[in-house]
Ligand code: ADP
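Just the one chain here, the form predicted on its own, laid out as structure tokens.
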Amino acid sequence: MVDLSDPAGRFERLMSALRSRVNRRQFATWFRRVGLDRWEGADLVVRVPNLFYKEWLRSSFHDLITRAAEDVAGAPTRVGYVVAPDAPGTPPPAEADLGPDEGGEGDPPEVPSPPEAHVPTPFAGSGPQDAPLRLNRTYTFSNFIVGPSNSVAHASALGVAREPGRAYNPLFIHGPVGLGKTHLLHAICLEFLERCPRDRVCFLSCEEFTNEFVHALRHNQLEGFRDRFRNVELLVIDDIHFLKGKERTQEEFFHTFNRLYQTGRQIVLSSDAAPGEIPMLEERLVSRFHWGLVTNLDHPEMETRMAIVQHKAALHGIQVPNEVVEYIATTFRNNIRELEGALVSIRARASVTQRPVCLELAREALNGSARTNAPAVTMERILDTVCGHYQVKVSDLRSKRRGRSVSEPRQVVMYVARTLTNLSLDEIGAHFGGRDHTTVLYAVRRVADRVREDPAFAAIVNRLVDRLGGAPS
């Protein structure tokens, strides 16, 4: 019997309670490696192996842990986290130990063969033979500007590079073009090779993987192809959405994934869409992509964009006044590459005209960019942006459902539409099944009140407005 008067006994009961409240893979991924630091009175401090664990448990499971701890203790409990690299626990079990995911296809795992000896040379599958790894040495973690829009992706990438094959495997990073996915993939490889220079790494695009596979099929070299891709310590594939519709390549990648996962090798993938949003992708692959951590990169906030501009300016050796930094960050809202392109244009104009960088020169260099860069703020864009943030469907907002998970984003859409467009209350209501102007007015006033009273909610709304690239009409 567990002694609940003893902190260790209470913690054992807490782990049992958590095991019953999350699915098996979540527990294996996020709770097997946590331990008890102390449980004194109303204060519980949990030991975690690294900073990413700390941030992820705090953001994703804190309420669940707190409720479970209070149930065990029978009293209000404050939960905190402390990073301890030697935190007890074991890494998550292999696929065969856990069985298929809930709702998965339940196909049996491929039985792995003992890995063959391999030459400890980093490579990228760019041709029939192993080739030197092609990495951009400036794409390091230290050169990646972290903000609220990318902090989880950055922390998870750093965690994978430092503890490959452990808690978040595979790591799946998705988001629109130009937000830093490829930068993080390069940074993972560079950090990994800095720590394990003799381990074999493969970093390539999904298109290159497909071309390699076609080449191997055509020249009867499948054995060599499989040896190259299934006997690496780290496999990183950019733009995995390129697999869509390619049945033979998907089949091959499925078995490659199984082999690497079951032997504890790290897999990192990037895509312009979440796994379930990639068309014509086999369900068993979608399921496996969710086995580890799926995280996204969002459009950077104003402060993050300004920090990126300042950082890029320093790398290019350009002295840029703050007013120019703010002008660039305001003009280019959606794509980090465009921020750097703007700096290149400004530097070129300053060099040609032999003038110092100033606001007037920046406006001349970027003449017309602001008009072409910022698309019109339409009701469709507002709906897509807000629904993307709240993870709801547009059809849900247009339905008669009134639960908070639907009513809050619906009211936010109405508020943002009233703020950023010239649509009347009735015109906004027409986008929601003909709701009348009083309903829209109530929603607008309710959101406005919450923005004034709730800083966290205000930050969400301001971020959505900023992402839309609009200003009040």
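In this text the structure is predicted, and so the values were computed from the model without any measurement. Heads up: residue numbers just count along the shown sequence, starting at 1.
What follows is about the form predicted in complex with the ligand, which we do not show.
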Counting only non-hydrogen atoms, the one stretch of 350-358, 277-285, 244-252, 337-345 within 4.5 angstroms of the ligand in the model of the complex is 337-345
In the model of the complex, is there a heavy atom of the ligand that lies within 4.5 Å of any heavy atom of I318, even though the partner is absent here? no
| Any of the heavy atoms of G165 lying within 4.5 Å of the ligand in the model of the complex? | no
Review point. Is V177 one of the residues lying within 4.5 Å of the ligand in the model of the complex, judged by heavy atom distances?
Key: yes
Q. Taking heavy atoms only, is C202 within 4.5 angstroms of the ligand in the model of the complex?
A. no
Exactly one of I145, C387, L190, C206 comes within 4.5 Å of the ligand in the model of the complex through a heavy atom, and that residue is I145
The listed residue (I308, L269, V72, I382) that reaches within 4.5 Å of the ligand in the model of the complex by any heavy atom is I308
Near the ligand in the model of the complex, with a heavy atom at 4.5 Å or closer, the residues from 149-163 are N150
